[in-house]
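Take a look at this single chain, the form predicted on its own, given in structure tokens.
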Amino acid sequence: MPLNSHPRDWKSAFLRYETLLFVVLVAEWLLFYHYGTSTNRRGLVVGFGTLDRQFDILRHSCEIGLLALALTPVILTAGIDLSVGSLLGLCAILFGKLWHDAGLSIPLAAGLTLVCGALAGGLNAGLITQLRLPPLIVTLGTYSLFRGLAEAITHGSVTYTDFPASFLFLGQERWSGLPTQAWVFLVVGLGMWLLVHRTTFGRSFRAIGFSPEGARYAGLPVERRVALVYVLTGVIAALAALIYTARLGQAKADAGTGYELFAITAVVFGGTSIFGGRGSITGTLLGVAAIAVLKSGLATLPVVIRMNAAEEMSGLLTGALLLLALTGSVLPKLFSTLRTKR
């Protein structure tokens, strides 16, 4: 920023939503740093701020973070995808079956899993763009379809395990000081940021979300770009499935259950309007971090530990955050309408 910038420029920069969200994230972390404790694998009581604890947050938030990054362009175009969690579970099962039952190598099984993710995303895209069906209804249907397929393939009981150490390295080890999957997340995050904010293709998402008809009149291929967004979401969901499987060392049909709620919450809490046309990858990353710290930090609070209610509190506060973010996106429009009527 130039040295002669007007003071109002500094004020507006500070009051940007992403800046305020970063302040909330720091305050949240400091709260848990001060009050949170946990027990490590050796039975020793350690604080929330330890390096190992921060690495655990990175490991456990990577899959939801990837889904949130994938959902950001979808929601920018005024769409929604409720099937990403179920697709993660289906892709995890397909990967395990391709490797364990079909005898394929890990790289080939992983590549075919990504292709399956793209095809599943293409199914959503075709129903939404070609048949003009509402994204909410389409992805609610595929949410059940993908989870049902995963249950049918495994008969509700088969779990694929015994993956080689070279594959488990992706989810359980460190590379250059950080958890391996954190590097994957950073690469995908950078790629999505460049796509959304530095390409004409990505910038058109806002135009489509703000006014699809206006985007068509401007010459944008709306259906094609919306379709590509859903296909990309399927590919990233499949990538998240590979990381999930590597982290836990197993592939099972219930993988990713509830992840769509956390991912959508992270996107909307990060400042992306559920109505489309407004949002940023930076905000989504901050939203993911805020929810990850909240989920991990709650499990370290003594009062929550005594109540044995970490999961319940996490779900309760995540729902509250989603409602708060949705309300925050609606109120400005409501106030604007009331002023116009006056």
Partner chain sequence: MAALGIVLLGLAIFAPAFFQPQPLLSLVTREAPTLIVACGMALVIITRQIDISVGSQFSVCSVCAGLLAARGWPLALVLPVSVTAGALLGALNGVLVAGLRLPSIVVTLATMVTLRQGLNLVRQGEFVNLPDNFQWFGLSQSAGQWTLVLTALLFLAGLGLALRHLAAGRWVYAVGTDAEAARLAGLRPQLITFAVFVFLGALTGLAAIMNLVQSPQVQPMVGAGLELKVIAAVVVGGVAISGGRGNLWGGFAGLLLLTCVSPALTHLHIEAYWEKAIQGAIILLAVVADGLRQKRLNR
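Positions refer to the first chain, counted from 1. For the two forms, the rigid core is made up of the largest set of C-alpha atoms that agree within 1.5 Å on superposition. All values reported here derive from a predicted model rather than from experimental measurement.
Not on display, but discussed next: the form predicted together with the partner chain.
Q: The partner chain isn't shown here, but in the predicted complex, which of 27-35, 282-290, 306-314, 66-74 has heavy atoms within 4.5 Å of it?
A: Answer to the contact question: 306-314.
Q: Would the partner chain in the predicted complex be within 4.5 angstroms of a non-hydrogen atom of every residue among A118, S166 and A182?
A: No: none of A118, S166 and A182 comes within 4.5 Å of the partner chain in the predicted complex.
Q: Do T19 and the partner chain share at least one heavy atom pair within 4.5 Å in the predicted complex?
A: Flag for T19 set to no.
Q: Test of understanding: in the predicted complex, would G189 fall inside 4.5 Å of the partner chain by heavy atoms?
A: Because no heavy atom of G189 falls inside 4.5 Å of the partner chain in the predicted complex, the answer is no.
Q: Give a yes or no for T265: in the predicted complex, does one of its heavy atoms lie within 4.5 Å of a heavy atom belonging to the partner chain?
A: Yes, T265 lies within 4.5 Å of the partner chain in the predicted complex.
Q: Using the partner position in the predicted complex, report whether L149 sits within 4.5 Å of the partner chain, counting heavy atoms only.
A: L149: yes, in contact with the partner chain in the predicted complex.
Q: Of I137, L178, L108, A102, which one comes within 4.5 Å of the partner chain in the predicted complex, counting heavy atoms only?
A: Only one option qualifies, and that one is I137.
Q: Among V231, L98, L127, L114, which has at least one heavy atom within 4.5 Å of the partner chain in the predicted complex?
A: In short, L127.
Q: Taking the rigid core as reference, does the Cα of A320 move 2 Å or more between this form and the one not shown?
A: Yes, shifts by 2 Å or more.
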